[in-house]
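Only one chain is given next, in structure tokens, and it is the form predicted on its own.
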Amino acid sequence: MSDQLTFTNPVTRFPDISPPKQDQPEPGLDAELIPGTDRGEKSYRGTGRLEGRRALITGADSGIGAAVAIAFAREGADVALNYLPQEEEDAQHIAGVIREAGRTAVLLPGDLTDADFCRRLVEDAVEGLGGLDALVNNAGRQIAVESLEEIDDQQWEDTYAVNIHAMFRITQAALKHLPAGSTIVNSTSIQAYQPSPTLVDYASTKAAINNFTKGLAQQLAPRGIRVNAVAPGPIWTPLQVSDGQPKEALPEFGKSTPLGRAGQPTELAPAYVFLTSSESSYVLGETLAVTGGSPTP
């Protein structure tokens, strides 16, 4: 597997996958995904850009969050990982990779639909890491539904609870701990700009995250806290097989991008590293698209 410092053709750097139809109960596990993902265990090489940083990452057990956690550790950061209790197998694997890099991994399982847990999560991360200066709001819920009439109140409310309400609560709780120089990076999506007809609830939360990011960035700039977002395109993660996509669409997942393939989680990690590092000190309120070439505004 090539690493991110090697000169490679982006079309062929990772395989053009055709995932078989498969189903996992929500939230899904990387350990059971076919084919497996590249989260950077072998392909991400750090250069010390986050040396000494202390980061809380939500949805950090698998997919994009796991890749970001590995990259942060390889760049020198200690990491608190949030995930659902049923994702423990994936979380333990990522914690092991972080510790192999010589960094601290703090495991903080819990449900982000619980408002009290969101606030307690921040306090537990601060205690476990000895402070906090980087927050990555990455956890997301995505359930594909054919028509609006099929979305019941519970799905609508749970999607907003995880994707936007938890982001507000965690960020609000974190602010009293974040010193000048701290960073917040939120995971949005190309769905904020190009909503799929089967993802009306999910896509609308991602548009809200874009707006939240830009407004909060202006509010916190005088305090020296930078807020930005990353907008992934079609990235192969357990989210897609736990009802995140229609099952019949899985074999063609990501093939409509200009690169002709789905992205791997590790391809997102450098964007989060850049926005968290001091290299991006003049970047605020930005949504950095990592979409395989699919255009965004």
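The structure presented is a predicted model; accordingly, all values stated were derived computationally and were not measured. The numbering used is simple: start at 1 and walk along the sequence shown.
Just so you know, the form predicted together with nicotinamide-adenine-dinucleotide exists too; it's not on screen, but the next bit is about it.
- Among the residues L84, A208, L175, L107, the one placing a heavy atom within 4.5 Å of nicotinamide-adenine-dinucleotide in the predicted bound form is L84.
- Heavy atoms of every residue among S187, G233 and T237 are located within 4.5 Å of nicotinamide-adenine-dinucleotide in the predicted bound form.
- With nicotinamide-adenine-dinucleotide omitted here, the record of contacts in the predicted bound form names 135-143 of 214-222, 135-143, 149-157, 95-103, defined by a heavy atom within 4.5 Å.
- nicotinamide-adenine-dinucleotide in the predicted bound form is approached by L112, whose closest heavy atom lies within 4.5 angstroms of it.
- Shown alone here, V162 lies within 4.5 Å of nicotinamide-adenine-dinucleotide in the predicted bound form, counting heavy atoms only.
- Although the partner is absent here, S62 sits close enough that one of its heavy atoms falls within 4.5 Å of nicotinamide-adenine-dinucleotide in the predicted bound form.
- In the predicted bound form, no heavy atom of F72 sits within 4.5 Å of nicotinamide-adenine-dinucleotide.
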